[in-house]
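One chain follows as structure tokens, the form predicted alone.
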Amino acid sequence: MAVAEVQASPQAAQQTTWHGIVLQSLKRNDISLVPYVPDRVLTTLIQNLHADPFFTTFPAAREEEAVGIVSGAWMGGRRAAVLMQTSGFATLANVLASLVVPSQIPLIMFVSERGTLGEFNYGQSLVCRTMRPVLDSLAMEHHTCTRLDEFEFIVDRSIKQALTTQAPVALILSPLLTGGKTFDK
């Protein structure tokens, strides 16, 4: 008896990558609006979001603008998430403390982490060290995602919790998960 070859569907293959898991989790939770600030680590995810007609995806000039768009979308009845890099998070303390947290907006942030594991830019390292204390001071839920085998669970449950409790969440994408930014000589 011959063994039939089983070929994985593109969707199944996509779900085995961190960016595929993000895309499928957003769809599963009816999050279709995704503003972002461009970032090299997020490039594949951004390209895949643009290629999928389910999503409305576009670049924002600054992280505060993307957060404002997501906040307005929530107030208008649409679910949204934002993509950014650690350095961009440094600009968000005011909009988080004055709009998102007190207005109970379930802001879902995917933050690619710089400033650790071989970082060459001292400024990135400083921002990375301040990000979690800022999130803690605002009592914002946050998870640093390092392992692919638990990533889908963390992303899906974090999104569900944010939407149900109307509280923001930051999913910090560690270089251990994404491979990080490569630093050319």
Partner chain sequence: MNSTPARNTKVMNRFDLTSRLIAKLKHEEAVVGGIGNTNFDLWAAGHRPQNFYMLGSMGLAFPIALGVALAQPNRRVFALEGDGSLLMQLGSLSTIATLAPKNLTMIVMDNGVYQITGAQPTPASSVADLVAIAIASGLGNSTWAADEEDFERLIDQSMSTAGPTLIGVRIDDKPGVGTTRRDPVQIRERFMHGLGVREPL
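Numbering follows the first chain given and starts at 1. The model shown is predicted, which means the values in this text are computed figures rather than measured ones.
Omitted from view is the form predicted together with the partner chain, to which the following refers.
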query	finding
Joint contact, M109, E113 and P133 to the partner chain in the predicted complex, by non-hydrogen atom at 4.5 Å	no
Partner-proximal stretch of 64-72, 43-51, 139-147, 22-30 relative to the partner chain in the predicted complex, 4.5 angstroms, heavy atom	64-72
Any non-hydrogen atom of P59 within 4.5 angstroms of the partner chain in the predicted complex	yes
Touches the partner chain in the predicted complex: Q166 (any heavy atom, 4.5 Å)	yes
Contact test in the predicted complex: A93 vs the partner chain, heavy atoms, 4.5 Å	no
Contact set, 145-164 vs the partner chain in the predicted complex - heavy atom within 4.5 angstroms	none
